[in-house]
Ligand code: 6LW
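Take a look at this one chain, the form predicted on its own, written out in structure tokens.
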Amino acid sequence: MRLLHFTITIVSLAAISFFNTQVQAQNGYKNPVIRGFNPDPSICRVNGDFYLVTSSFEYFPGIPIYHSKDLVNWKQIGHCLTRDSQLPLHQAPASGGLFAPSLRYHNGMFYVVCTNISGGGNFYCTATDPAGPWSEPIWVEINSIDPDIFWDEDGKTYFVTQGDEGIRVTEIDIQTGKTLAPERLVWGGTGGRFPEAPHIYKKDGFYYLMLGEGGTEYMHSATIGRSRYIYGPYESCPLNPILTHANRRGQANPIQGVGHADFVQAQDGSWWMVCLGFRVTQTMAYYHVLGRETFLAPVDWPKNGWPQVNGNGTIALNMKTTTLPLHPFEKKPARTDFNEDKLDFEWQYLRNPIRENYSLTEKKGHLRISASPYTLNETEAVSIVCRRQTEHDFTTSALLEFISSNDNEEAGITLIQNNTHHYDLLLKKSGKQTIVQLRVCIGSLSYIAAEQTVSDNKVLLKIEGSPYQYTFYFANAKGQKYMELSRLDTRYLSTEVAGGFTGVMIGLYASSNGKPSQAKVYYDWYEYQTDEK
């Protein structure tokens, strides 16, 4: 009986172990893994740590850097470009600035290679710690976008980049950025438009070249070829495109525009892909306001074979796959009380800031923003700090006090897609009165959607978001209930309407609309809440 009992116990424990494994596989993870405007992801692993960067365009500091232990949970640890000398963005237009960074690690050094299309072209920076500080840019005199760096086993360094006809490879001096050989066109992809976002990987004696095709919209995809030689010729994968939703299988997927991908191998030998995509609202037409985000997919990549992404070349919001052992980070509080001496990493400026226009020490526990003559409609150093809208359903609010004496001065919260498409919930003077106003800017159309007189220059402002509407509220700072001011459609801030490559940012701002001013606004606190777990 004891032997029988012992045998049954062993079987039961095995069953429990198998059940737990299956539960883990079924639970999987949620996409996107980095939410809100975070496109063009590039990733590398150093021992048990993963690091990832995304594009930041006209926002400063540039190129956010994220860290993870498990590929699912990510925490921002800094930016690559934090000094004006590294990132000149003066008068950078909407969706100008920084395009498509690549992050690599080689011989104890991290490299971020990128393009500033608004000033300087291709460059790379280095750091021994991905959190920074990063070096001044080393410029590469190759006219292109979407660059990457690849080190071969013979010690040579190659610059891999997009050309008009396809992907080009050029040997460079990694110390100086100087080219050591002519640029060579190596592969044009499968024939899709805009072959871009190249990455080279060496595996099983093959050079694998992955790129994006179809443009970073609804026809986007990831394709791959391979060769025994870095300069080709490259054989196209029979599974191409290895990732796309521009087909019948992906046409109803709430994630669209998937592509611009990068591979990483985990410490357990498994392969994974990060890619961009965007979550759409599905009505009579597709719209997306959050921008392109970072998604994760498992990859089966057998020896001497081709990589297969998530079984069928598509991804989902709820991924049913076994993950690495999870290491979640502590969730950030919804409220920011401005008690620290610097803003947290999620905050960015529009272009290089005029630093004296901001203070976290002038009034303890408050963010002071001085009004700039520049408006939200201009490609200038607007007085604004922004953070990403990361979910369709959210609530954001702030308590602010506006010190102003002229009717042209204003401060408040904006939902900004770019300088020609934004909704502004603002406080301003109007004669002897103080009013809360909701202003709409949609291309050449600009109008006041609603306004209401308030009794004080200290007010609560609130915006509630849903997939199809933004609702705007205000309240007296002394505890009055919020009053609804108006509602506006989200679609007019979508990429389909506004164009460009970014997503909606939530901004705290102050402007004197073209005139010199002493006006300033004090934000006591700011709050951003979502239902995302």
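What you see is a predicted model, and the numbers here were worked out from it, not measured in a lab. Throughout, we count residues from 1 along the sequence that is shown.
One more form of this protein exists, namely the form predicted in complex with this ligand; it is left out here, but the text below deals with it.
Proximity of residue 196 to this ligand in the predicted bound form: non-hydrogen atoms within 4.5 Å are present. Though the partner is left out of this view, residue 262 does not reach within 4.5 Å of this ligand in the predicted bound form, counting heavy atoms only. Contact between residue 100 and this ligand in the predicted bound form is found at the 4.5 Å heavy atom cutoff.
Not displayed here, this ligand is approached by residue 145 to within 4.5 Å at the level of heavy atoms in the predicted bound form.
Note on the partner interface in the predicted bound form: the residue among 114, 276, 87, 243 having a heavy atom within 4.5 angstroms of this ligand is 276.
When you look in the predicted bound form, the only residue of 417, 294, 216, 348 with a non-hydrogen atom within 4.5 Å of this ligand is 216. Residues of just one listed stretch (122-130, 196-204, 245-253, 335-343) have heavy atoms within 4.5 Å of this ligand in the predicted bound form: 196-204. Contacts with this ligand in the predicted bound form, taken as any heavy atom within 4.5 Å, map within 29-55 to 40, 55.
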